[in-house]
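This document opens with one chain alone, in structure tokens, the form predicted on its own.
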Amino acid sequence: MIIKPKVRGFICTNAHPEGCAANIQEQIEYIKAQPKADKGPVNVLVIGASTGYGLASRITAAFGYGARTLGLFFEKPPTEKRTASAGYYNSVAFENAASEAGLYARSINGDAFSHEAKQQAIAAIKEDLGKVDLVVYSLASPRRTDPDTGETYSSVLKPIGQSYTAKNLNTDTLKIADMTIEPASDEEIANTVKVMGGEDWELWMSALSEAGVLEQGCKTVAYTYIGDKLTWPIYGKATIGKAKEDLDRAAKAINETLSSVGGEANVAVLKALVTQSSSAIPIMPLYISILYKVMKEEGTHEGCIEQLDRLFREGLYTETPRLDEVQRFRMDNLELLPEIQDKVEAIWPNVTEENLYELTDYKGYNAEFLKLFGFGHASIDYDADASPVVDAKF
């Protein structure tokens, strides 16, 4: 079939297998071109391994450090008439590249929130790896089913206490208008914490610890975003903010769990990037478009793979990590430089539909968005016939 992007709202409903493979190869080549680090992980479990920061973590661990990786994700397989999700194609491409490089890579396609997935991962670790020395928690889901009660919770992106009005870019129509978001109810706040907080991270680490598959000195890291003034109303004093507070709480609790093996747990604060998750958050497409323009002009722009390379070098595997007052790795340091934020804030009120492409890097934002789904690669002929079905080992 001829596979062209089908964009609806903040999501692309299809993906291109060859384009996704090209995307993976680009990230692999970047990591391979970096100087070899003195130390790094050996056996890695990545929970949420198929897109964005989780995928970049797996690529960095494998091709930067020669680590053996076990990835877990929940992705839609293809049929003869419909493409798979991008994460499915990404994972196939990663496994193929790892195999060609002689690197161990195994994947599990299932609901990471379930007890069954945790037991599958533990069985795979015992069978192939023995123990893991790094656990990356990078799940991003709008809903979660409690594995004990069976109740499903949905998250919301709302402020707390009062409504919030801000300029918003509709990426379908490219119309810019004020958007007002009403405050969340107590139930919505609790549900968002249930989905996006640290409870499942804790369950994973407890299950791995009880199974005896954590190596001495094991590290675990979960990813978050904080932002600054412009994004604070939706990330700070908001439902997501409460979930992030719970992530910090979980890190402290997990540190106690890991004390028996001399391990440590940290939250890593990463920069704002175009991901399938960030595209769905109000104000973020416009904020990121402005941020991209400013950081590219300053020569400090980074994508997922550059961020993860720095996290491993400047956070996880250095004697002098960049930590804040609550022991979070701060990889958002370049985004939050005062001179960067001042320029973003100066541009923000002046953006209109007429000058969108002049004052922002929306062109770059949109290109990165399509690239997430395997589109926009110069090396791919998108007019050529392509089979949506690819062979997978998971």
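This is a predicted model, so every value here is computed, not measured. Each residue number is its position in the shown sequence, starting from 1.
Not on display, but discussed next: the form predicted together with a small molecule.
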Partner contact for K293 in the model of the complex: the small molecule, 4.5 angstroms, heavy atom: no
Distance check, L270 to the small molecule in the model of the complex, heavy atom within 4.5 Å: yes
is_contact(D248, the small molecule) in the model of the complex, heavy atom dist at most 4.5 Å: no
4.5 angstroms heavy atom contact with the small molecule in the model of the complex for P321: no
Contact residue in the model of the complex, chosen from W201, F312, Y153, Y223 - any heavy atom within 4.5 Å of the small molecule: Y223
One residue of K118, K244, K194, K219 in contact with the small molecule, assessed in the model of the complex (non-hydrogen atom, 4.5 angstroms): K244
Heavy atom of each of Q27, F94 and Y365 within 4.5 Å of the small molecule in the model of the complex: no
Which of 208-216, 182-190, 118-126, 131-139 sits within 4.5 Å of the small molecule in the model of the complex, heavy atom basis: 131-139
